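One chain comes next, on its own, written out as structure tokens in the form predicted on its own.
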Amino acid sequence: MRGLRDKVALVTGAASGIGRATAIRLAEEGALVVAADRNLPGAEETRGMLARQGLALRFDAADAAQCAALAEAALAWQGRIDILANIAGIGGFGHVTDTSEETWRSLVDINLGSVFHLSKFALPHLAAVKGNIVNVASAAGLVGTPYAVAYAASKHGVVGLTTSIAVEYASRGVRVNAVCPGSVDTPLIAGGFSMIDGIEEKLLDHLRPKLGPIATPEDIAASIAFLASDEARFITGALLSVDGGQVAG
């Protein structure tokens, strides 16, 4: 893809799943990747898989100060940040009334808070090079999702944050987009709804992809790489569904 060669990409959640696949894909396209995760051994393993030079860093996505420190460390590595891929996230499934305060806070802080804090700290540097942000929202951020109230709320927040920053920073040349995956074969959804007692199965019918089996992390990584590249130079504020037709009907 055009425009990724030698770009510095900060990828969070890079120890596994979509984050790892994205780090690998961006490196294959010529980017220099900072692989960040709270699981440092996993991030270092990802770094070892990269086709080009990379850096592995540990950070806690729920901690604003650590998000700021991560952005500064990524900037110091090569003197610039061109791409921020906000992929770090956790899942959470259960009845609304069974959702604890701890679960609610963790999901909001990690899935939404980290996207806000990292974007806030990276934006001045992205504006300096006319870089871009790609967030990972979710199909659950576009439609109502039963038995996932905290997760869905956090991802709806990512959608609003994405479009709002896209409008605010368009005149400064910074593009901000989000991919909205449906079901993806990652550790995040392992178990999922099958672990919940007393669910109404018919409420889950609209969550199933129409196009074959569930996606792979590489499917989502390809979409992130496209949005981060110059191929998408006129795309900002977009919410790209990569869900096999899940939210289409």
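All residue numbers are counted from 1 along the displayed sequence. As the structure is a computational prediction, the values presented were derived from the model and not from experiment.
This next part talks about the form predicted together with a small molecule, which is not shown.
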Candidate from Ala221, Leu32, Val184, Ala56 lying within 4.5 Å of the small molecule in the predicted bound form - any heavy atom = Val184
The one option of Ser16, Thr236, Ser229, Ser241 with any heavy atom within 4.5 Å of the small molecule in the predicted bound form is Ser16
Heavy atoms, 4.5 Å, the small molecule in the predicted bound form: which of 167-175, 120-128, 75-83, 134-142 makes the cut? Say which one.
-> 134-142
With the partner left out of view, is Val159 within 4.5 angstroms of the small molecule in the predicted bound form by any non-hydrogen atom?
-> no
Glu44: touches the small molecule in the predicted bound form, heavy atom cutoff 4.5 angstroms = no
Does Ala68 make contact with the small molecule in the predicted bound form, using a 4.5 Å heavy atom cut-off?
-> no
Applying a 4.5 Å heavy atom distance criterion, does Ile90 contact the small molecule in the predicted bound form?
-> yes
